[in-house]
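One chain comes next, on its own, written as structure tokens: the form predicted alone.
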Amino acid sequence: MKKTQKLELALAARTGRLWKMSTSLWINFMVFALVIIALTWIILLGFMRNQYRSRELDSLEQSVWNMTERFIQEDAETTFGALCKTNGLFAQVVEEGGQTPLLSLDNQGDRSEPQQEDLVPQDLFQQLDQSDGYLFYYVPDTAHNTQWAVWAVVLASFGGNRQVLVVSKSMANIDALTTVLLQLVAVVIVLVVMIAALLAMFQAKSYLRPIRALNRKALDLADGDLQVDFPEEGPLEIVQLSNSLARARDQLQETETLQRDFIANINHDMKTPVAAIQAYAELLLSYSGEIPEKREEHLRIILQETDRLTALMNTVVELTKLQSGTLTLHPAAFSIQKTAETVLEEFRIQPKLAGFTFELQCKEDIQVMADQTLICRVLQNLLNNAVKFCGEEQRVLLSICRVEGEKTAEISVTDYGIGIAQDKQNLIWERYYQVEPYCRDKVGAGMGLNIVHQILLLHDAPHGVVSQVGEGTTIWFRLREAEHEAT
């Protein structure tokens, strides 16, 4: 089964727990629409309705007091009529103990019958007895299914009978305005929902098209198509995702190339000792078994090639341990100078390196805290690398110094060979990567510096490379000084 099919099955199994982006966008826009509707409702039907009602009631109260002040004037009825017509009021003057109003004006300022009998309640004068001479109350407006706002104010008293001004105003206009607002809100609700739905569909289509395209391309990449192109379209974040996938593709291509080179190199490195072992074993069997000198030489070569093959396999195992995180550090204080001298001596005594010069530059002995065995491995790999790339000069320098202002020692290995181009220097730490050595018989599997990199990362040790093409290369790293003398 292809990887894409497996991924699709896995996604299908999880569909019940996942939201589609289109669904999420639609829900978000609907929630947004509902929030807008709720705010509109609160503003129009709450705040604005109360504001209009408050304004009407203020106008009613002001008119009542204006009428009260002008009651004693000769043109009081004219004034009352003008105020009623201007403000849409109904006014009555009732006398205590009387059955009919002394004066009744409609909202045009003309004399007329009272709009409702209960605008003047039966117990009005009893209520006024318990007040400061004026009352405000509501009476149901049966004709318009709303309310009357009513003010009653004592104007004067004649013969012990009080005359009361009763001014009323229907809230029908406010309710009519509320109805209009409700209709407007309904229209707004419909428009907002439609716009939100259209925006959700548009946004979903706009966002999902490049995402789906990227998903298809990513599945192709998962199937092993390293030539796939990732389109750069859509919002910035999707373009960034496309660029990230393109970088991942490029790294996979590079890794695949390096792996092919590694397999070729490791195959070459393994075939050489195996072929030598086989050849000399056959010679030993058929020719040199009875000749002591030849037999000893052939056995020595067989052992040498066996050691070479074993070392190669140990390198692979060591790299696997480092990358899997199963290797455990055993830090201890030790002399980095003595350790360097020991490793250098191992190289000096090798017959095949007889023409090489190995120098140690160290002004003072420095005690460091690290895993001595692993640091020896670092030095061996760096020296091997320097030998491979030192060129015709065949000179390698190992330098040790204390870093000023830091409690660290810097160790560096320098060759004076072909150097590394600036754009290739960061690649030397990667698995399988190799710079072309100065001679083909020194080609390796490209794991030495990656092992160095992994060991130094395990020690949290800074490291780097300084190189100029044609002038040589220096690879350095730093180790913490020990807080006490090494034993």
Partner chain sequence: MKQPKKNKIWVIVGIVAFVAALASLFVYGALSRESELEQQVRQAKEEGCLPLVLLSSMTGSYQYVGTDAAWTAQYAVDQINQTGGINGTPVRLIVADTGSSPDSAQRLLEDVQSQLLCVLGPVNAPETAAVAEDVAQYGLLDIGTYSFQGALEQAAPYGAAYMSQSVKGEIAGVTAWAACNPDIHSIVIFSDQADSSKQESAAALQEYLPQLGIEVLEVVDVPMDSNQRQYMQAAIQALNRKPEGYLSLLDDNGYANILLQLRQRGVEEGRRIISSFTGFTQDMIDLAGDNLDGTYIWSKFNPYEESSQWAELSLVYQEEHGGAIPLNTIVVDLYDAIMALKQCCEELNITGNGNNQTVQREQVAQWFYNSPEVQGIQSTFYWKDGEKIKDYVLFVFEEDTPVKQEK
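Since the structure is predicted, the reported quantities are computational estimates derived from the model, not experimental observations. Positions refer to the first chain, counted from 1.
One more form of this protein exists, namely the form predicted in complex with the partner chain; it is left out here, but the text below deals with it.
Within 4.5 Å of some heavy atom of the partner chain in the predicted bound form lies at least one heavy atom of residue 72. Mapping the unseen interface onto this chain, residue 68 counts among the residues with a heavy atom inside 4.5 Å of the partner chain in the predicted bound form. Within this chain, residue 160 lines the site of the partner chain in the predicted bound form, having a heavy atom no more than 4.5 Å away. Using a 4.5 angstroms threshold between heavy atoms, residue 123 stays clear of the partner chain in the predicted bound form. Partner contact region in the predicted bound form: 58-66, out of 421-429, 35-43, 58-66, 456-464, criterion any non-hydrogen atom within 4.5 Å of the partner chain. Contact annotation: of the candidates 129, 364, 225, 282, the single residue with a non-hydrogen atom within 4.5 angstroms of the partner chain in the predicted bound form is 129. Of the residues 343, 301, 155, 119, just one reaches the partner chain in the predicted bound form with a heavy atom at 4.5 Å or closer; this is 155.
Contacts between stretch 204-243 and the partner chain, counted in the predicted bound form as any heavy atom lying within 4.5 Å, involve no residue at all.
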